[in-house]
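Let's start with one chain on its own, the form predicted on its own, as structure tokens.
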């Protein structure tokens, strides 16, 4: 083992983003943008609740029936409405977390997402989850990859040096 091994950068990383919680969006996009800045091929596969931040801000409700529309109503679309997984306190926890982040010069998830887009991070929505929850491609933000299934995500993960589930 040479002394230079500590400087080796992995070639690729895949992140499974299953949560739309604010405190999980930050690490997803910090790690994705940092990996891309390090020259890694980075893929983020958005599934289940992780899809809702990718819905355009002006879309109020997604879904195809009463149950999927109710689920969409409980998961507000867009990054700016993301809740904390703990201590959300009716939205005041998320507001406080954003203020603390701003004070410490941490970009909000929506800005980190835009950076990921600029750095050519592969941003893959899960086709099965879109079908399950009735989310249409035209309801999603621009700049995403084509929706893919679990098999495609697993193929990417099999070739990745780093795999994360956030």
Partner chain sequence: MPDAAKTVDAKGQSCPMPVLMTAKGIKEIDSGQIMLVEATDNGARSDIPAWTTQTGNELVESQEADGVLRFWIRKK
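Residue numbers count along the first chain shown, from 1. From a predicted model like this one, the values you see are computed outputs, not experimental measurements.
Only in words, not in the display: the form predicted together with the partner chain, which the text now covers.
Although the partner is absent here, residue 129 is not a contact residue: none of its heavy atoms lies within 4.5 angstroms of the partner chain in the model of the complex. Using a 4.5 angstroms threshold between heavy atoms, residue 155 stays clear of the partner chain in the model of the complex. Contact annotation for residue 33: at least one heavy atom lies within 4.5 Å of the partner chain in the model of the complex. In the model of the complex, the partner chain sits within 4.5 Å of a heavy atom of residue 112. This chain lacks the partner; the member of 97, 59, 141, 106 within 4.5 angstroms of the partner chain in the model of the complex by a non-hydrogen atom is 106. Only one of 36-44, 50-58, 64-72, 131-139 places residue heavy atoms within 4.5 angstroms of the partner chain in the model of the complex, namely 36-44.
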